[in-house]
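A single chain comes next, written as structure tokens; it is the form predicted alone.
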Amino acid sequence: MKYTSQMVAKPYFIAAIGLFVGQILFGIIMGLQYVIGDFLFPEIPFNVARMVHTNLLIVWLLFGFMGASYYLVPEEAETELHSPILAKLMFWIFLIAGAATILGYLLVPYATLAEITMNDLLPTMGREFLEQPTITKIGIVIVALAFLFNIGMTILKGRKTVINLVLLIGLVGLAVFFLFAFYNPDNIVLDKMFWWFVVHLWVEGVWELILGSLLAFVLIKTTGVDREVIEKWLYVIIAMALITGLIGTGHHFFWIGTPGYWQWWGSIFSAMEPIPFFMMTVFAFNMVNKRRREHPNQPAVLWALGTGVMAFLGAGVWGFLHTLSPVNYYTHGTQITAAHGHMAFYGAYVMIVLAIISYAMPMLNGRKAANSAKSQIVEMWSFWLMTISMVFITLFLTGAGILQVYLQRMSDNPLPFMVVQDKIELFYWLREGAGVVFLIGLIVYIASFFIGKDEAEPNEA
């Protein structure tokens, strides 16, 4: 760690992992509710568990992105963070607002929550992933603006690199596209169209820029490959990500009442969306193969390589499986969508945040470059437990989805939705088992930072 203000990242990383644990716990609760319908009812109804699960995912990843930025930008810009005090203040505002919102979901009926937070003045609630009360959304905007100001001023006064400029573009895009969460038209077609401007243009647009810059940073630090080589790769990857991702939004417009040409635009550009993810995989392995040194922090390298592979499989391959409109006609809204969503989020965003935490945390804890050998072995176990269990979660959901599509939408005598749910129950039980293994992997990941604390770190080769 070169700059004292990089310490600001530490509470962001700790909060991110804490909220990640909460997200997985609610995922397991939901998984059980699929097979035991009245589990924890009426205390935690399924719709509330789902809200908490998805909202925690978004919030903890945002904490991770912010922490990563506060760690990365001073080092790239070669200057101290513009205002560590502002960063700390925004941390507490964001954490308290996030915790209050989750408690609101759990303790107050949603309609009452809307009434209490005066949603009628500026109605924004009630939409999937954007269920936050309007007051929370305004808080998110304030935190995002303060964060962008802090990061922007730091870059402005310091060295400008491809990595911190690409990161800044991604972060500005994240903030700008979130503003569509405040646009809530009465026309349901318009509503769904602009709703995707937040959800899709985040995860298949500007978040990919954040992913690319974080991956490039970790690879520069752990491989010693020339910055120029990595930056050229980054330019090509983000160009492809934006070209395919922005127009690829059309794959959400197939069946919501928009003009038919979206079936062509959406299908063609969505079919190209796996390309930047494939390039990211090749990029990661290329850089590690060309490395000039063996970095002592091997788990960080493993997470970086895993990001490329799992992002390509989850976002690329599983995304392509059901993105063409003639296929999507049958698969839309089935468990195949859930299979893609789980592996894509894990591969692209969860793994890169864990990679940057894995790289930075030893130094934030006062070490030179890495945790002890014993700690690293435990962390690599956590990598394999989480990654393999996520592969199985995806495969089980894919099996459930294929059977669901056939029984519900393609067979000669299509069956009702709930009858089909009973018939695919085995897949849900298997998915639940894999989810428990994933939670164990996450606990092992956290434990790795406390194991071998007093032992020396391996030397750099």
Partner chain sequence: MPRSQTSGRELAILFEALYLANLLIAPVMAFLILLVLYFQNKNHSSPLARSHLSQTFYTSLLGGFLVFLVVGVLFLFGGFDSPYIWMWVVLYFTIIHSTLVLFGALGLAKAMSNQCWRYPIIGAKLPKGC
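Model, not experiment: these values are computed from the prediction. Numbering follows the first chain given and starts at 1.
Another form exists, predicted together with the partner chain; not displayed. Remarks below refer to it.
The partner chain is not shown here, but in the predicted bound form it comes within 4.5 Å of a heavy atom of L395. At the 4.5 Å threshold, heavy atoms of K290 reach the partner chain in the predicted bound form. Remark: Y428 does not count among the residues lining the partner chain in the predicted bound form, judged by a heavy atom distance of 4.5 Å or less. The partner chain is not drawn, but in the predicted bound form it has no heavy atom within 4.5 Å of V52. Exactly one of the stretches 355 to 363, 201 to 209, 308 to 316, 159 to 167 approaches the partner chain in the predicted bound form with heavy atoms within 4.5 Å, and it is 308 to 316. Judged against the partner chain in the predicted bound form with a 4.5 angstroms heavy atom cut-off, the residues F13, P133 and I135 are out of contact without exception. The partner is absent here, but in the predicted bound form a heavy atom of L407, alone among A434, L407, I29, I58, sits within 4.5 Å of the partner chain.
A heavy atom within 4.5 Å of the partner chain in the predicted bound form is found for one listed residue only; from T337, T281, S83, N119, this is T281.
Applying a 4.5 Å heavy atom cutoff to the partner chain in the predicted bound form picks out L321 as the lone residue from 320 to 356.
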